[in-house]
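Following this are structure 1 and structure 2, which are two forms of one protein chain, each written alone as structure tokens.
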Structure 1
């Protein structure tokens, strides 16, 4: 069995990537499962998708905790505790990161910050996507193609058919599908073959079942008595672009503060705006709305 996990943000197309891999493997005659995992987030937050490929019926369901192949659509996700792409990586598995950084440099960075037994591979699928499709976020076809190559059991023909089918189902116009296909085939060619080894079956240690006890109602009932504690939850990791204020151009008009849906912009006593980067989701309304163009957008600095 090959277990593949995709990490992206909403809008990256990782569900579709997992389906391209799923359909391609299916066309190659395998038994396949693919599924996305949705959280509470409507859009922008980390999302995960899974594909399992086997030559006999699959006796697993749900999330993949011990993956053989992990594809990360955006390297900022490496640091995102909500995404946690390192979960369950083992010596036989491969961590593919979409990044312009070289494999060598990335491997060193990962080793320094988050040692993992898995092998590391990078590829700049964003550049390819930008060039062929024109939209940096539309990564489903290229990441799907890289996954097909790395899974090691899928041919170009199956990839092509699967990509077309999945994108048609999304209702993409055919010229756009053609461009996606071109990008996908290139991504397939560019991605090297790396042998994967499935994790050996894990022993299942006893988990220790509890005897549940009744808790006093002030504690044991589903309510929250800590108003505003959502501030503990960071949404800054959703950003692809970061709004940055150039204070010399700011004329303290309040517009960015008023328009920010999140309340992530506050004003100080001089009426200068300040962005709460822990929570700014990167919608860029402030960039669009600032009358003096004092808020500019910058590509999120890559952490790795």
Structure 2
């Protein structure tokens, strides 16, 4: 059994990446199982997807808690306790992180903050996706291709057929599918083949009996009685690009302030706009709307 877990954000295409891996493995003659896990369907929120590959019937179900291969599409998720990509990693596991940081530097940073027995590997799939597809968030084809290479049982022909099939089912136009295929095949070529080692057998954890307790309507119904707390959830880690204001070009038109859908831009006493990077999600509407081009974008994908 090869157990693969994908970590990404809404809009990265991790569900599609897991399906590309599963379909490619199926075309190679394996039994496969893939499924996503996500809560509120909002762009930028963490999601997880799972793929199992075996040459025998797969009797496991549910999430993968002890993976052989983990792919992280956004390295800022390494610091997200809800995503927790380090869960269940063992000495035979491989942790692939989409990052421009070198493998050695990333391994040192992970060892200092989140010690894990797993091996670390990095690759800049965002730059490849941006170059070939023109949209940095469209990572499904390149992450799926890296997963196919690292799984060690899938050839380039199966990857190409699986990628085309999954993207056609999404309704993508042919020129865009061709660009995705070009990026996927290049990602497959550039990703080194690293042998995986399965986890030692683990006993199934015993589950205690849970007795449901009746809650009064104030708690047992879907009512929102507490004050808003979104300010406590710092969504700045969702960005791939950050907007930066060049004040020598700013004419204080307030358009960025008015257009920001998250209210992450405020005005000071001089009416100069300022960006709250703790909550700016990197939608870049301010970059598009600024008439003087005083707001520019900079790539930002570093977790540390």
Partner chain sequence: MAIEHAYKKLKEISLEEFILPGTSTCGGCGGLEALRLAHKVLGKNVVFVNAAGCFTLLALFPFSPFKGSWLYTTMASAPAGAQGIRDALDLLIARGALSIEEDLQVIVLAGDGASYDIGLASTSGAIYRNLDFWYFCYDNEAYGNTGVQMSSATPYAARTTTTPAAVLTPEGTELPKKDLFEIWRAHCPPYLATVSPRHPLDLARKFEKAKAFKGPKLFIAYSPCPTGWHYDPGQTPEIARLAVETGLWALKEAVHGEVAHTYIPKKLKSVEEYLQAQGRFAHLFHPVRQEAALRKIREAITQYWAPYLRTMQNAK
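By rigid core we mean the largest C-alpha set that fits within 1.5 Å across both forms. The structure displayed is predicted, hence computed values, not measured ones. Residue numbers count along the first chain shown, from 1.
Engineer: Determine, for this pair of isolated chain forms, which one is the form predicted on its own.
Structural biologist: Structure 2, which is the form predicted on its own, differs in this respect from structure 1.
Engineer: Core superposed first: is there a CA shift of 2 Å or greater at residue 219 between structure 1 and structure 2?
Structural biologist: Yes; residue 219 is a residue whose C-alpha shifts (by 2 Å or more) between structure 1 and structure 2 when the cores are overlaid.
Engineer: Rigid core fitted, is the C-alpha displacement of residue 119 between structure 1 and structure 2 2 Å or more?
Structural biologist: No; that C-alpha moves by less than 2 Å between structure 1 and structure 2.
Engineer: With both forms fitted on the core, check whether the Cα of residue 229 differs by 2 Å or more between structure 1 and structure 2.
Structural biologist: Comparing forms between structure 1 and structure 2, the residue 229 CA shifts at least 2 Å.
Engineer: Once both forms are fitted on the core, what is the Cα shift for residue 238 between structure 1 and structure 2 in Å?
Structural biologist: That residue's C-alpha is offset by 3.8 Å.
Engineer: What Cα shift, in Å, does residue 289 show between structure 1 and structure 2 once the core is superposed?
Structural biologist: Comparing the two forms, residue 289 shifts 7.1 Å at C-alpha.
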